[in-house]
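As structure tokens, one chain now follows by itself in the form predicted alone.
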Amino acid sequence: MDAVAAREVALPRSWWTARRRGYLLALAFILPAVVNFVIFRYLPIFAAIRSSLWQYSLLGGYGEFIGLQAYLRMLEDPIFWKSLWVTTAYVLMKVPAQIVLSMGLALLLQRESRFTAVVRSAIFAPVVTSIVVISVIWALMYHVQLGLLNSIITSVGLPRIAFLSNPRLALVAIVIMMVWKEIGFSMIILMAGLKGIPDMYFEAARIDGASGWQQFWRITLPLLRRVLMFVVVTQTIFSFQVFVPVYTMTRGGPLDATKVIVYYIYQNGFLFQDMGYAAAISTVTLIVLLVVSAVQMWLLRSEVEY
């Protein structure tokens, strides 16, 4: 009886110990990510909000408390509105073009073969290449006198095009470069989503005589909605944060035609030493991003499970 009683007492303790070990193990895995998010994501957000309420510069530190003056100043700042519009135009051009092209490539290259594997690698290579290097190479390609693109254009008898010094073309030129660089990322995510759709739906559609286009609209697109939502939201966030190609290729010009919001934040914070105003613009940009992301997630929500 004593041995049985000892086992009955020992069982709950061993169960609790195993459960506690599981909690501790899970905490050990999660803790680095939580610490990373708190230190490098959330604390800078609160620091930016605090800085926007004070006169603050990197050289002079915190000065006088100004409350919401930076936000009121923003309402009367035409360059802020111009940069917000330029950023919006950049997002509206880049994200749809990238989604459509990457979807087409994902559908074309989803079959496994040596040829498709090589093409996939070639398309994905720019994603892992330094954006600074790519920006410098494309700036040389766009050069009016020495650029590869103008050499091709003049070889067929057409006039040279000032890609980066024409206010109407500069932003489009950056969009083309960034779509080329990031299309591999979207393509890989969409291909993973396509592989997750069970073949039985397509087999049933083929038996019913559905065409390829009907299969795409009635099966592929609805079942790919959650993956599309992820791609659209992440690409929108990435696009709102565009900075390096603008800094490297145009410095916001010509005539502020490529002055995106992050470049304007950089100018105020590091060139004009007005960190408080830069923090206010950053806070408003964050709010805009949260609203846009919430709307996109609501529009692309899906209750379909497979």
Partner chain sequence: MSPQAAFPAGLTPTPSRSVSRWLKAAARETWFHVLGAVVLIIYITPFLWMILGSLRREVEIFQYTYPLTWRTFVPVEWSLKNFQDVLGLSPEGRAFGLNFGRALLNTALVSGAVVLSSLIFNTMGAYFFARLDFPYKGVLLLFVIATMLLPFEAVMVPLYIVVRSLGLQDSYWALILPWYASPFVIFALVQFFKEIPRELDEAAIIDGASYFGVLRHVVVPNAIPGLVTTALLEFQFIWNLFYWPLIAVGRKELQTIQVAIAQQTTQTQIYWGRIFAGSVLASVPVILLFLAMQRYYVKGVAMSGLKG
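By rigid core we mean the largest C-alpha set that fits within 1.5 Å across both forms. Predicted model only: the values in this text are computed from it and were never measured. Positions refer to the first chain, counted from 1.
Absent from the display: the form predicted together with its partner chain. The rest refers to it.
Heavy atoms within 4.5 Å of its partner chain in the predicted complex are found in one stretch of 131 to 139, 167 to 175, 208 to 216, 77 to 85, which is 131 to 139. With a 4.5 Å cutoff on heavy atoms, residue 183 counts as touching its partner chain in the predicted complex. Contact annotation for residue 54: none of its heavy atoms lies within 4.5 Å of its partner chain in the predicted complex. The closest heavy atom approach of residue 27 to its partner chain in the predicted complex falls within 4.5 Å. Within 4.5 Å of some heavy atom of its partner chain in the predicted complex lies at least one heavy atom of residue 244. The single contact residue among 189, 97, 197, 162, judged by any heavy atom lying within 4.5 Å of its partner chain in the predicted complex, is 189.
Proximity to its partner chain in the predicted complex, defined as a heavy atom within 4.5 Å, holds among 204, 72, 92, 148 only for 148.
Along 25 to 53, these residues reach a heavy atom to within 4.5 Å of its partner chain in the predicted complex: 25, 26, 27, 28, 29, 30, 32, 33, 34, 35, 36, 37, 38, 39, 40, 41, 42, 43, 44, 45, 47, 48, 51. Remark: with the core as the superposition reference, the CA shift of residue 41 between this form and the one not shown reaches 2 Å or more.
Core-superposed comparison between this form and the one not shown: the Cα of residue 271 travels less than 2 Å.
Relative to the superposed rigid core, residue 27 undergoes a CA displacement of at least 2 Å between this form and the one not shown.
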